[in-house]
Ligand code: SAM
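One chain follows as structure tokens, the form predicted alone.
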Amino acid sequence: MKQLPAEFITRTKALLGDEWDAFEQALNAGSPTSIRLNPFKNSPPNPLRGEQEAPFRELGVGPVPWASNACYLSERPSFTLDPLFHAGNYYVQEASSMALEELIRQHVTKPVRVLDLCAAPGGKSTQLSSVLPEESLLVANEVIRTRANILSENLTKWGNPHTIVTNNDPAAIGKLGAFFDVIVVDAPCSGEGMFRKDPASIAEWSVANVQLCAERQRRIVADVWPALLPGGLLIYSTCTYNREENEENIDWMCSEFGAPVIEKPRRFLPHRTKGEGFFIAAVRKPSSEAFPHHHHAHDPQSPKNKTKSVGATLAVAQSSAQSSAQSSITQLIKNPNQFRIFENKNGFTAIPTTGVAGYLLLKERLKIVSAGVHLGEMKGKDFIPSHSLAMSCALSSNAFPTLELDKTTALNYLKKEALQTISPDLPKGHLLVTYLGCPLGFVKNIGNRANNLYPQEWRIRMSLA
């Protein structure tokens, strides 16, 4: 039996009444494992690609009722040792927190700008990216830089180009003024809902910490509130049980901002649903003030000349050499007319045209970690493709010759080892490495061997034995 803090027991008994015993029993049972498939990389959605190597064929034990493309597994396999995990074919996410999808599907029906404010490691961002109407712009933010890099890695693997990852404090985002139609605040909390999954969180719990978290959550919401358009939606969630961090904070939003609750708070409890503890609710920003709305042709904070000057500094200089380089780079992506290509010190980036205005404004005001599709860079006369391009759903299927690997070689590739034996039939230069037909990254074929271009910081470090 887990030793729960006495005050936690008293407070939660008051909340649950005669359900306490069933709840306590659930806390001492095992945690369910669930995954969500990437609809951009599984068509039809199916993680069981290939007849020989099907990591989940035996493990799938039914769908997650409130999320599409999501299923429970009967046990937790080693995801690190599945190349499809690194290819972004699925994301391992706690089932209760997938409830965000129902709110989005119910209230968001046309392209929008969405901010996922406290987004690392990326569960809700990858889900938003899968269920938002096409051409929506998702900005995924994380204030801690190391966590922002992990968020960027997970969203890069997910492959949706309509995404920007930022690394800013909520107050800096609030200073943008009204910009987003939807803001998701999955607030840092006291983590009571993680007691079963992460026993270390029990030791960190205290009533004082609950109060501290509740205050911090209000500060976060207040700081970012100005960035929400009138009539916009704020979705608030935590993975905790107490009322201070949940219902009381929703009541505070109603009184502080005059924001009506449009989605009754929903609680997930481990004895009632197959998942961890989770709370989610939504309020709407009053729309009394007249405001330019869809589709954000003129951002209130963005004078036209400013955008132009940013655009001018970013626009690719059209010297004849560069325009020929750029036209060949454009061929790397599907539907190149739906993208605008920018060149900066890191090389070439493709931004969907529908998101260019937003990108330019954010680039001017916030710290961008990654955006759109980083295509690659010129080194001398050589174009070196970026890993982001290999992962992107925008990659043109005939941009590169492909090299299909078996599972063992794929894992060695993901450990960043050199590939020794390359078929003499393959051309020299950059090859797209695939596993079960899914892109894993690039190598540069130099004839007798191939240099591994997998990102050093992403490589598998665990022993494969």
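Bear in mind that the values here come from a model prediction, so they are computed numbers and not experimental data. Quick note: we count residues from 1 along the sequence shown, nothing fancier.
One more form of this protein, predicted in complex with S-adenosylmethionine, exists but is not displayed; see below.
Given that the partner is absent here, does Arg216 sit within 4.5 Å of S-adenosylmethionine in the model of the complex, heavy atoms only?
Yes - in the model of the complex, heavy atoms of Arg216 and S-adenosylmethionine come within 4.5 Å of each other.
I'd like to check something about Ala120: if you look in the model of the complex, is any of its heavy atoms closer than or equal to 4.5 Å to a heavy atom of S-adenosylmethionine?
Yes, Ala120 is a contact residue.
With a 4.5 Å heavy atom cut-off, would you call Ala178 a contact of S-adenosylmethionine in the model of the complex?
It does not: once S-adenosylmethionine is placed as it appears in the model of the complex, Ala178 has no heavy atom within 4.5 Å of it.
Is Pro188 part of the interface with S-adenosylmethionine in the model of the complex - any heavy atom within 4.5 Å?
Pro188: contacts S-adenosylmethionine in the model of the complex.
Tell me which stretch of 249 to 257, 216 to 224, 367 to 375, 347 to 355 has a heavy atom within 4.5 angstroms of S-adenosylmethionine in the model of the complex.
It is 216 to 224 that comes within 4.5 Å of the partner.
Among Pro111, Pro161, Pro170, Gly275, which has any heavy atom within 4.5 Å of S-adenosylmethionine in the model of the complex?
The residue from Pro111, Pro161, Pro170, Gly275 that makes the contact is Pro170.
Identify which of Ile144, Ile384, Val261, Val207 has a heavy atom within 4.5 Å of S-adenosylmethionine in the model of the complex; exactly one of them does.
Exactly one residue meets the criterion: Ile144.
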